[in-house]
Each structure stands twice: as structure tokens, then as C-alpha cells.
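Below, in C-alpha cells: the form predicted on its own, a single chain.
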């Protein structure tokens, strides 16, 4: 079994040569030349520096189209009209599955038809030269966002192409995304990604790494998300990464979201080595959106208010057209401006909400239960412990499609709309914490005049898209 150990230099070179042979553009990667290219970039494009030096939450949307000129135009619009501080390049689904031939077909069709025949930017097919054209065209830092279980070639090409931030990780881009890849396999492949980022860092080019915090995006209990973020941050640090952005996805209750973001920063600083700069990113609501754009803007605004109170380093914004799928560039920019308006109005206010400290303490206690069980399962090794904890069910993620997680844990909201755990299965947690969750879900059941059941879970999944936070029954017939 693999362990949490740094990949030796000769092994890094061997893997690099092997994976770059998977597609012709891999031959254009030259590490030393890439270092010189990064050094030539202005300070305004150095992702880690811009993020870490910010004095208020920076905003970043999601965006990716197949053709280079169209991607440049899209990012210019989001930077100019949307006032995005940081920009994304979202990668297409074929590339995420390492199906580069299909991505090439889609790219050629897009060029011929003028239509977006791919749902993102095929960076591997555009190669180092195409990536650099994008980097040079936009006067802002740009991040690679994707969803790839095996991101090794994508990392090699985009790092050489000038990108200085790379999203994802071996757990967060396995458990929510794939059934085809085992957890040990994805950890091993992402060790290469992190080691390559570490190699750039050792040469003075700090590559920012950002694990994907929302996981399945559906009522994920904060402590589960935070524990996985800490693991992925530790794995990256082992390989030499020195700029880590830990993520968290909005659950909708302001007290719980602020408490979770506070806990994420505190525990990140505690668990990761001192030489790692830890920042945080808050993802606006990742679940179903209301079909009505006005109501959708309300969801976005709640995210902005939460960010203004918690002050994460970065916010990933949403658009009022989330219900429809991929938004127009105008709608994407609108979501950015809505979020910025709320943050700018609220951030100068002293907003004091009761209950945040108590909730943060509970989240931290829960997270420590999970991190402790990981170390126990692995005899101190976080890789072995993570694999075995997932295998035993001591660590789990709700609604997970991956065979590497049991998906047996079920969440539901309590009477205040905070996400609690309704079905624990084998999740490692102290009994007194379980009792707190049971008592708060029981209080909700009493309020609604119904028994605790899976119906609560199902109702909560759809609640925000129906214009509510808690999936309460409408009348006695719904109970």
C-alpha cells in the first residue's frame, strides 16, 4: 500500500516522461523553460501572491468553453463586466476522463460550427502554447478547475502553460465524481500532481493547490468536508506544496457556515506545517437552485452575506441561471456583481450573531474525531489511514457515487436549518456528539409533528430549489 511519502526525484521524472507520452502536446513540456516563463509573468498574474495578500474576499466564477478565442473573450467579460478578481478555466468532461481524442473531435467541431460542442476548455489539446496565449491575454490570475481523477497530464501541461493554481484532490475528485477509480489509485496519481507543484515551488514558482470542499454538494456535514480538506492539504504539503486553499461549500444556515469557515481556517493552520500558507475558499450553494432568477439571486445574496461575516480569502460565485445549466456570460457576471454588492455593503459592519462560537466548537470536536480515526486506522500514516477509514465506514460522505465510500451516512437539517447527521452508519464519532445531533433532529420532528425518517432527508435535498431552507411538510397530508 502506498504511504504519505514524498515522491523521489527520479520517480517524478519517470512518471512525467510516461504520462507526457499519452498525447502529442505533452512533448512540448520543458520544466526548466517553464520555470523561466513563470518568472517572466507580472505580479498581477501570480495566483498565490494575489490571493494571500488580499484584504477582503476575492471573487471567482466558474467558466470554460472549448475554443481559445472564445475562452479569452469569456474571461475578459467576467473580469471587466463581472469585476472578477480571480478567473477560472473550467476543463471539459472528456479531458476529465482522459479521453483526449474525443476532446480533440469536440474542439474541431467547435471550431467548424462556432458552437460550444464541449462543456469546458480542453487544455491538454490546446497544449502549452494555447495555455500561454490564454494566460497572456488576461490581466488577472487564472486557475485550472476540473474534476479529474487522473489529472497528471493536465497538470503537466497547464503548469508549463503558465497556470499557477490547480483545483482538486485525490479524495474530493474521486468520491463525488467517479466509480471507476479506487481511492488508492487516485491518491497515488495525485501525489504526482502535488509533487510536480512542489517541484515548481522549490524553484520559486509557488503553485497554489485547492482541494474541492463541497464534495457531493448535497447537505455535506461540515466536519466531514473539513476532515477531508485537512487530509488533502497534508498530502499536498508532504509533496512540497506551500500554498493551500481549503474549500467549504455553503449549507445555507449562516451560523453553521460562518462557524465552519472559522473552523476550517483554524484547523488548517493547526494541522498543516508552518511553512504552508493556508487560505480558505467558500463555495456558494452547490445544490439545486430555484428556477426563478429573482429567487436564485436571493440564494446568491445569502452566500455573499455569509462571506462578509466569515471573510474567507475567496468566494466561488454562482449565477441566477444555475437551474438552467451553463449560464450565459451576462448571467455569470451578474452573479459576481450580486455577491460583490452584498459583501461590500456588509463587510464594514460589525455583525455579531449568537451561536457561532458554540457551533464552531462542535464542528471542531467532530472533525477531530474523524482526523483521529484516520491516524488510528493508518498507524499515523494519513494515506493508509484514509483508505482504511473509508473502507471501514469510519469516514464517509453522503450521497457519494464512488465505490470507495459507503455513502451510508445520511444528513438532515435541524429546526434551525443546520445540517446534522440522521443516519450515522459506522462513522467514527463520540457518543455525546451523536446525542446532540439526535436531540436537535428530534426537536425538528416535534415542531413538524412527524417522526424522524428518511422523508426529512429527501425533503431537505429539494428545499432550496423550492424556495425554502428546511424541507418542512406543507400540510398534514405531507407528513
Partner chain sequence: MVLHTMSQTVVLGVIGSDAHVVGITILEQAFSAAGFDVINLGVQTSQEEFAEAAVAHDAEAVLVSSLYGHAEQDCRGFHGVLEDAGVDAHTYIGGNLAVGQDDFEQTRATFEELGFDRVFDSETDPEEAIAALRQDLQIAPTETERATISS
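Remember, predicted model here, so these are calculated numbers, not experimental data. Residue numbers count along the first chain shown, from 1.
Below, we refer to the form predicted in complex with the partner chain, which is not included among the displayed structures.
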| property | result |
| --- | --- |
| Per-stretch contact check against the partner chain in the predicted bound form, the hit in 111-119, 129-137, 383-391, 271-279 (non-hydrogen atom, 4.5 angstroms) | 111-119 |
| 326, 454 and 461 each touching the partner chain in the predicted bound form (heavy atom, 4.5 Å) | yes |
| Listed residue that, although the partner chain is not shown, lies within 4.5 Å of it in the predicted bound form (heavy atoms), from 163, 192, 248, 94 | 94 |
| Proximity of residue 104 to the partner chain in the predicted bound form, heavy atoms at 4.5 Å | no |
| The partner chain contact at residue 212 in the predicted bound form, heavy atom, 4.5 Å | no |
| Close approach of residue 291 to the partner chain in the predicted bound form, 4.5 Å, heavy atom | yes |
| Exercise: residue 159 in contact with the partner chain in the predicted bound form, heavy atom 4.5 Å | no |
| Heavy atom contacts to the partner chain in the predicted bound form at 4.5 Å, residues of 175-198 in sequence order | 176, 177, 178, 179, 180 |
